[in-house]
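Given next, in structure tokens, is a single chain: the form predicted alone.
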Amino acid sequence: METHKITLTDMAMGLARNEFVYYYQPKISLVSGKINGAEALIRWAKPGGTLIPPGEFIPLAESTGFITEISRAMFPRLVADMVIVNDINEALAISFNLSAQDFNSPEMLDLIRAAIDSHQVNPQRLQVELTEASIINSQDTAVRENLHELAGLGVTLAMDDYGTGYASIDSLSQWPFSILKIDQGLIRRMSGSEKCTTIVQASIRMAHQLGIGTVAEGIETSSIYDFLLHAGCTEAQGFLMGQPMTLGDLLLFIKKDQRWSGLPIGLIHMAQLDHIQWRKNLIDQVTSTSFGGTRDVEIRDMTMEMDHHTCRLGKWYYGAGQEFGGHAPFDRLEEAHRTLHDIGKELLLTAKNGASRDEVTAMMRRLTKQSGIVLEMLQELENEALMNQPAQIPGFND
């Protein structure tokens, strides 16, 4: 493959001549099975039709700081494209890549804020992808403040290339990320590496526990797609579904309205694990109160978790779980789950009011019995969904 010798002057001239363009790679929701957005990927279209990939100019742009000039110059084009995309489907989110360098000063933040304030862009449909490396290497407090302010505007921040750096988990704890993009290298090595498979599974589960969405990139085979669907990943991106394409081709892709998968079975399994954790937390608090001599101590605040709408299982049921509406086990689950929470509230109150250990133990048995009913319904739903999965998803070829 031919490579190009590029200088900073070349890039500056290319930017002045409007030679940089966006190509869009679709993202597929593993909840609905349909397109739910796209990533804007920058390309350099030289006169004569030559398309220079980002790997040949982005490193130089970042090392010289010219990347900020490119980002600011290209953002208005992104906004114009977003208007068109959202006029066709207002639910689609567009992500684009920025560097921590873009937030050393407020200019980029001001551009984004102006687009939001002028109602050109819905902040809930705009996503900024930042690599872990650029965040770790930035010690500037302005970067941290500007990114937190960006998140405060309602813009989604995604950690890109997760799994390539040594401090990913620490970065998640310090920065306002709400999406985790699992590096394509990990995804592609899954087929030949049990360790990579375990890392991906654990990352998806961890993100779920943190309330963070997961995007797996670099998907090239239906077997990997199917695995991620069952693992509870929430979004998929890769050549299997669509390569980076022009805006016109993206609009055609959107209009096809293709469904890429069956029901999100992996999220049922996540819901089961969430419920088990909820039950363990409640039992832990009750036993600490009744058997640990700490009746007057608030072990942990379970106020939100005691509402059957706002516990993790409830959030799934009234959110992504609605994809299963009409399935008998799902429809029966609501009443069983509400009853479980009623028992849980009564148990917690009984323990705090100083009831005898025999009374508390009897009520814990009621709770675990009802918990078993809930888990049985979730398992029945998972089995039913598995049986109804298509043998082969149209358009998929290994």
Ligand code: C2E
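When you see a residue number, it is the position in the sequence shown, counting from 1. Note that the coordinates shown come from a computational prediction; the quantities given were computed from them, not determined experimentally.
Just so you know, the form predicted in complex with the ligand exists too; it's not on screen, but the next bit is about it.
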item: The ligand: the contacting residue among 323, 161, 81, 149 in the model of the complex [heavy atom, 4.5 Å]; value: 161
item: Candidate from 287, 258, 184, 201 lying within 4.5 Å of the ligand in the model of the complex - any heavy atom; value: 184
item: Candidate stretches 355 to 363, 33 to 41, 330 to 338, 369 to 377 - the one whose heavy atoms come within 4.5 Å of the ligand in the model of the complex; value: 33 to 41
item: Three-residue site 227, 232 and 235 fully in contact with the ligand in the model of the complex at 4.5 Å by heavy atom; value: no
item: Heavy atom of residue 156 within 4.5 Å of the ligand in the model of the complex; value: no
item: Non-hydrogen atom contact residue 67 with the ligand in the model of the complex at 4.5 angstroms; value: yes
item: Partner proximity in the model of the complex: residue 239 to the ligand, non-hydrogen atom cutoff 4.5 Å; value: yes
item: Residue 129 within 4.5 Å of the ligand in the model of the complex, heavy atoms; value: yes
item: Those residues of 201 to 220 which, in the model of the complex, come within 4.5 Å of the ligand by heavy atom; value: 217, 218, 219, 220
